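Just the one chain here, the form predicted on its own, laid out as structure tokens.
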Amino acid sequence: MKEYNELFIGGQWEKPSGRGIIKVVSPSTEEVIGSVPEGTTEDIDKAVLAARNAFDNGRWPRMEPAERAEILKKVALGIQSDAQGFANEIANEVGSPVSWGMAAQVLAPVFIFNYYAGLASTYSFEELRQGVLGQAVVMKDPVGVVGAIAPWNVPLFIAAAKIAPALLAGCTVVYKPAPETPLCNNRLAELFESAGLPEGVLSMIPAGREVGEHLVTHPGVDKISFTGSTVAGKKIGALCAERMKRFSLELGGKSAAIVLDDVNIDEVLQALVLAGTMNNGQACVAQTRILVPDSRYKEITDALVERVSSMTVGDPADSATEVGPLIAERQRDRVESYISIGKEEGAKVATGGGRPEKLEHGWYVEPTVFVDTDNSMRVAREEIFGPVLAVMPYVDVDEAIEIANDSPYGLAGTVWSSDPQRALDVAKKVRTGSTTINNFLLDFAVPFGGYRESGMGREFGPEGLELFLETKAINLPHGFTPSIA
């Protein structure tokens, strides 16, 4: 039982303005495992004021990038040193199987912090450029005070994806984690405190949607970075546009896994199933539409169904568990409603579709495979956010690409083939922000983001840093060449 009585505001632990308490409930035991104060609009005001003062008058934006990078390195080392502790806490908070969570929920954030720390020495924050009429200095300035809003599914990962580049850029950050997962974020705040982050640079305010909207519309915030649902993202984008406020959105997905007719299904089956069911299906990048050639439909579908039906469902803290519980009872209700919708639409449940019989507590849903689906069905078009896969046939590669692109989303995708060149040719025609061949992965040195309703902007890589930078040009008088660091 981990109880916090204070909020991390401007780098210090302070008493909250309100009396609300967020009780953190384990999705596997349904028991309270911790509590934190619930942030209020007054707490946001205090955090923004601290961030504004630190940005306008403090030393953080004026430090060399290499100095800011040292803080990121210390935080990365802190996470790595307590990797098991973080993994256990996230398993308790989110329900992520610890076998998956250690790599994706804990070590991946270590890589992200270290990547951006390393970028400090290679990224050009200032350059001398020869223009048509003369020379100019082109500078990249920090955008200012950043309001960052995160969902609950990969809490430490998303914190790293937003906080690391924003801090390297020289911004100050007010971070609003989801109320379901404040514990690991508070643990992260403690690491920043120990790393010597200057006063005012970072605040951590767990709260609900109304407080999040206050952060979005706050006049002291220069940029909003949001990860979450497309519905919420559209509203945030509209609020920011009304105020000419910078914003970036990483939103939903309904990614397609295109299985080509030359694939060795035995070699890729494990990776293919994990790509669709990772984090209990609670991943915006989950490969939940599986497109299979007509000529091998029964063979590949049978293999998929057999593998999914054998997955170990249970305690996320058990290293043998492959699928854990959903985050909350409401999420289980949502997933079960989609399973009912799929049946009503005429799709066939080949495995799963119910609740595990032997698990008396926890918000579990059996990993489920729908077969004989088509791309007009809601289970094939809408983001379910649970361990539910829709398998559909295609006649030829052109039709597979057409089906993959027939989606309101465009976040991620995969292509599976024994011929990597052939898979690459297909991947180039799929309109998604990222595609992986014969696996699913995110590389933190390359951009990640979505087409269409999957978002705006790109995280990771230099592009992720540039989300938090403004570009300034200074035109120089003829004959003058400045010294550039």
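Treat the numbers as computed from the prediction; the structure is a model and nothing was measured. Numbers for residues come from their place in the sequence shown, where the first is 1.
The form predicted together with nicotinamide-adenine-dinucleotide exists for this protein as well; it is not shown, and the discussion that follows is about that form.
Participant: Would you point out which of 256-264, 90-98, 230-238, 398-406 contains residues with a non-hydrogen atom within 4.5 Å of nicotinamide-adenine-dinucleotide in the predicted complex?
Facilitator: Comparing against nicotinamide-adenine-dinucleotide in the predicted complex, the contact stretch is 230-238.
Participant: Work out which of Val323, Ile158, Val388, Met204 lies within 4.5 Å of nicotinamide-adenine-dinucleotide in the predicted complex, going by heavy atoms.
Facilitator: Here the answer is residue option Ile158.
Participant: From the list Cys284, Leu188, Ile290, Val106, which entry has a heavy atom within 4.5 Å of nicotinamide-adenine-dinucleotide in the predicted complex?
Facilitator: Only one option qualifies, and that one is Cys284.
Participant: For a quick test of understanding: in the predicted complex, does each of Trp152, Leu411 and Phe448 have a heavy atom within 4.5 Å of nicotinamide-adenine-dinucleotide?
Facilitator: Checking in the predicted complex: Trp152, Leu411 and Phe448 are all within 4.5 Å of nicotinamide-adenine-dinucleotide.
Participant: Answer for Gly212 alone: is it within 4.5 Å of nicotinamide-adenine-dinucleotide in the predicted complex, judged on heavy atom distances?
Facilitator: Because a heavy atom of Gly212 falls inside 4.5 Å of nicotinamide-adenine-dinucleotide in the predicted complex, the answer is yes.
Participant: In the predicted complex, does Phe226 have a heavy atom within 4.5 Å of nicotinamide-adenine-dinucleotide?
Facilitator: Heavy-atom contact with nicotinamide-adenine-dinucleotide at 4.5 Å: present for Phe226.
Participant: My question is simply whether Gly252 lines the interface with nicotinamide-adenine-dinucleotide in the predicted complex - judged by any non-hydrogen atom within 4.5 Å.
Facilitator: The answer is yes: Gly252 has a heavy atom within 4.5 Å of nicotinamide-adenine-dinucleotide.
Participant: Although nicotinamide-adenine-dinucleotide is absent from this view, report whether Pro165 comes within 4.5 Å of it in the predicted complex, heavy atoms only.
Facilitator: No, no contact at 4.5 Å.
Participant: Any residue of 171-210 with a heavy atom within 4.5 Å of nicotinamide-adenine-dinucleotide in the predicted complex counts; write them all down in order.
Facilitator: Sequence-ordered list: Lys176, Pro177, Ala178, Pro179, Ala207, Gly208, Arg209.
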